[in-house]
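Coming up is one lone chain in structure tokens, specifically the form predicted alone.
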């Protein structure tokens, strides 16, 4: 099977030739080209070349032309703070007062140089990969975007204390997210990763999610013209996994903080699962620890399909060594081949 066939098979809750691997090490493309992160993301060509090198080196089953989260804030008039060895971060909030929401208008995708670079990168990867390898693009959920637009504390206060302005903000953000996601699909993306960490039960209770984040997701995903995967970006989701499935998403990126076997049982063929390697701990893994982590994840999630091995955050830290990423690849090749007969009799050597 090629990567596209492998992924589609597992998303159909069937067993492909091996467990698909999404090695989301997008920042490592800068290392491959010997560039700073600022310079790397300044050019679509750099990202195209970097992603192609990463695919060749690590054998991931997807291309991941995700630049950085604050790129969407740049479209709203904000800026980005770059560091030498970590993901770029948002600058000052673009919504400084709640009253600013009253006149807020979603930016046009075609007017943003930052967004246009992403579209150029997607189109270039599509030209090189055709339909052999899925291209996974990213759109921040309208419900989670305000954390970058105005700050987490002020957003939570808005949600509880000014419901009318909260709904006004969701209207503007939904329009932007739908247009941005559909532009990426039109450029050649196979699917959209819908990052929605605020909806996680790490951040809000299920009851609030059902009246806010879930409703936003239902409206937004219904207008996106392609498949989506909802990602909690390390946040917990077991109590709402069925509720997330009700939004129409095809897969859910889950947290290392929850038991993967329980997540698999809760998914029950309704959604596929993406996870569940600890990207933070990955920075310190030995080869033996890497192999054990891969085996644990495959043993819990692999049988029956519906499982893609990945990190649990959606972005592997810049500090993770090449040797660790290569060890993940090799462990998947060794232990991820179907049928997973070894799982039946396997005993975890360190279940604690």
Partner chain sequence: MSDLITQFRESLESLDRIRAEAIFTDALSRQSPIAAVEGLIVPALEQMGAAWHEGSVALSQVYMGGRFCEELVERVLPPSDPDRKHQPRSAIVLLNDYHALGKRIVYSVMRASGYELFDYGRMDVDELVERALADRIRVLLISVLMLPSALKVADVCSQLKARGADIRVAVGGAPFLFDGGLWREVGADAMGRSAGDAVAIVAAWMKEMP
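What you see is a predicted model; the values in this text were computed from it and never measured. Residue numbers count along the first chain shown, from 1.
Absent from the display: the form predicted together with the partner chain. The rest refers to it.
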{"query": "Option touching the partner chain, based on a heavy atom within 4.5 Å in the model of the complex, out of 117, 165, 126, 236", "finding": "236"}
{"query": "Heavy atom within 4.5 Å of the partner chain in the model of the complex - residue from 86, 226, 77, 242", "finding": "86"}
{"query": "One stretch from 254 to 262, 98 to 106, 178 to 186, 218 to 226 that, in the model of the complex, holds residues within 4.5 Å of the partner chain by heavy atom", "finding": "254 to 262"}
{"query": "Any non-hydrogen atom of residue 319 within 4.5 angstroms of the partner chain in the model of the complex", "finding": "yes"}
{"query": "Any non-hydrogen atom of residue 156 within 4.5 angstroms of the partner chain in the model of the complex", "finding": "yes"}
{"query": "Partner proximity in the model of the complex: residue 283 to the partner chain, non-hydrogen atom cutoff 4.5 Å", "finding": "yes"}
{"query": "Distance check, residue 161 to the partner chain in the model of the complex, heavy atom within 4.5 Å", "finding": "yes"}
